[in-house]
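What follows is a single chain, given as structure tokens, in the form predicted on its own.
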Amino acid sequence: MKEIQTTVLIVGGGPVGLLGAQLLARRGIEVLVAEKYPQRLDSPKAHALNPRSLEICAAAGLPMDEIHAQATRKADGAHVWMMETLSAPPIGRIAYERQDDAVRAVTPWPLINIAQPQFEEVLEGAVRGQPVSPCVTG
């Protein structure tokens, strides 16, 4: 087994681990992200980022245009649909809050619908692009 030296070890390459690596690497701190899966899992996970999370992403220097490009179009992701099965007609729907233009009075980043695997891809790309590029292992 090879010995590895690092200043900070982050266990888990999900959104929290990758954002932590991004923040540390931007400050010149050596980071190693250890992830048990060799590739990103595509199974359903979280799928929305609220305004505060997006404000943190922007402050962390993440590519906000890329995050929004990966998000579901507002017209397609503005509601939570209630269904008994995927092939049955919808029972009803509830509009996501904090997506309207009025929210821009308090934040530049209204809620978006983005699947966690796509968000993780953007995060990983940003982390790998840092001058002190963290190593992400699978």
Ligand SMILES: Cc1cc2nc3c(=O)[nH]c(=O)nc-3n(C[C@H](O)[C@H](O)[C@H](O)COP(=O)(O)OP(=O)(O)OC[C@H]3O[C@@H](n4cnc5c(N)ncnc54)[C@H](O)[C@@H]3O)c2cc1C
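Quick note: we count residues from 1 along the sequence shown, nothing fancier. These numbers were taken from a predicted model, which means no experiment stands behind them.
The form predicted together with the named molecule exists for this protein as well; it is not shown, and the discussion that follows is about that form.
Against the named molecule in the predicted bound form, the set Pro51, Leu62 and Arg98 makes no contact: no member has a heavy atom within 4.5 Å.
Lys36 is the sole member of Arg93, Arg104, Arg27, Lys36 with a non-hydrogen atom within 4.5 Å of the named molecule in the predicted bound form. Between the named molecule and the residues His79, His47, Lys74, His68, the one pair within 4.5 Å by heavy atoms in the predicted bound form involves His47. Contact between Val11 and the named molecule in the predicted bound form is found at the 4.5 Å heavy atom cutoff.
Among residues of the shown chain, Pro117 is not one whose heavy atoms approach the named molecule to within 4.5 Å in the predicted bound form. In the predicted bound form, Gly20 stays away from the named molecule, with no heavy atom inside 4.5 Å.
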